[in-house]
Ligand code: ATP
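Here you get one chain, nothing else, as C-alpha cells; it is the form predicted alone.
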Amino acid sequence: MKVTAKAYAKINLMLDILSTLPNGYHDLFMIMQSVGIYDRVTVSKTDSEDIEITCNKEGVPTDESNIVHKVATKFFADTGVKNTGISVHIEKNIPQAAGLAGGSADGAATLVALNELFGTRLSLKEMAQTGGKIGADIPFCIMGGTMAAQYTGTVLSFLPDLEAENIVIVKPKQDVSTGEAYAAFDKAERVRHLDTRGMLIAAATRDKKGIFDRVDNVFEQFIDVPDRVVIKSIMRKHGCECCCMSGSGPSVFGIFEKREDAEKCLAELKKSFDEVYLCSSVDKGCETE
C-alpha cells in the first residue's frame, strides 16, 4: 500500500524580522502564499522496520539528516504507531536551497501521506503541531493557501485567497545560507522595517493593489544576490505588479496581471537562467493524489 502527496512550494509576499528572541530564534511577520510548483512524495509500507528515503535528484540527502526522516520519526513517536517499515520516494521539482520551502513542503507531504497510510485521522492542526517540532515552515506547508505567519513562523492566521494566476519564479545559480542570512540581520546596525499592519489589512480585505504595493522582504537589505537586480529589471520591463525575493533567497518572483506579459518575461529570463517557472497561486499546502 502506498500514498502519494503533492508538496507545494511557497513564496513570501512579505517577510519582516521584528526582533531576535531570547532563545536565539527570530520573531517574524510573514505573508505566505502556496504556489503551483510541487514535489511528489510517495510513502509506502515495507517490512524493514526502518525509514528508507530515495530521491530522483542527486545531492538530496537520503539519511537521517533529511527533514522527511525527522518528520516520519516524530510522526511515529507522537502517534504511538509502530513503524514496521516505510519507504519514502521524493520526486523533486521545487528548486533546492531556493527560499521556496522545498524541504519543508516534502516534510509536510510526508506527514499527510503517513496520516492517510496508517489511518491515524490527525487533523490539519495536529499534523501542523507535529511538523512544527521539526521545522518552522512545515505548519504552513501543511495548511497552505494565503496565510499570515508570526513568531518563528508557526503561529498562523488564515487570509482570503490571493488568486494570482501569473507568477514567474526564477532561481539564480547562487545559493544562500539561511543561517548566514539571519546572522547578517543580527549584525545590521540599521533595519528598515516593513508596513506589516498595512499589508495585513490589505490581505484581509482582498485589496490586491494594497498587497502588491507592499510586497517586500527585509532580507533584501542584507543579502547580496548579484542576479536579483537583473531579474527584477526584466520583470518590471514586462509590467509585473510586484517583484520580490522569497524567503532568505535567492529566488525572485514576479506577479503579473496578464498571462501574455508573464510569458514574455518567462521567455526572456530563460535565455539567462536555467530554473525559471510560470505558475499560479494554490489554496492548499499539500494534497494526496
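Being a predicted model, the structure only gives us computed values, none of them experimental. In case it trips you up, residue 1 is the first one in the sequence shown, and so on.
The same protein also has a form predicted together with the ligand, omitted here; what follows describes it.
Asks: Identify which of S48, S65, N56, S233 has a heavy atom within 4.5 Å of the ligand in the predicted complex; exactly one of them does.
Replies: By the 4.5 Å heavy-atom cutoff, the listed residue in contact is S65.
Asks: Can you work out which of L159, M143, A164, A98 has a heavy atom no more than 4.5 Å from the ligand in the predicted complex?
Replies: The residue from L159, M143, A164, A98 that makes the contact is A98.
Asks: Taking R228, A262 and C279 as the candidate spot, are all three within 4.5 angstroms of the ligand in the predicted complex by heavy atoms?
Replies: Zero of three within 4.5 Å in the predicted complex.
Asks: Residue-level question: is A149 within 4.5 Å of the ligand in the predicted complex, judged on heavy atoms?
Replies: No, A149 sits far enough from the ligand in the predicted complex that none of its heavy atoms falls within 4.5 Å.
Asks: Evaluate K92 for contact with the ligand in the predicted complex, applying a 4.5 angstroms cut-off between non-hydrogen atoms, and reply yes or no.
Replies: The answer is yes: K92 has a heavy atom within 4.5 Å of the ligand.
Asks: Residue-level question: is T178 within 4.5 Å of the ligand in the predicted complex, judged on heavy atoms?
Replies: Taking the distances in the predicted complex, the answer for T178 is yes, it comes within 4.5 Å of the ligand.
Asks: May I ask you to state whether G153 is within 4.5 Å of the ligand in the predicted complex, using heavy atom distances?
Replies: G153 lies outside the contact set for the ligand.
Asks: Quick one: which of 201-209, 103-111, 74-82, 186-194 gets within 4.5 Å of the ligand in the predicted complex, going by heavy atoms?
Replies: Stretch with heavy atoms near the partner: 103-111.
Asks: Taking heavy atoms and a 4.5 Å limit, what residues of 31-60 are near the ligand in the predicted complex?
Replies: The stretch 31-60, when checked against the ligand in the predicted complex, contributes only V60 at the 4.5 Å heavy-atom cut-off.
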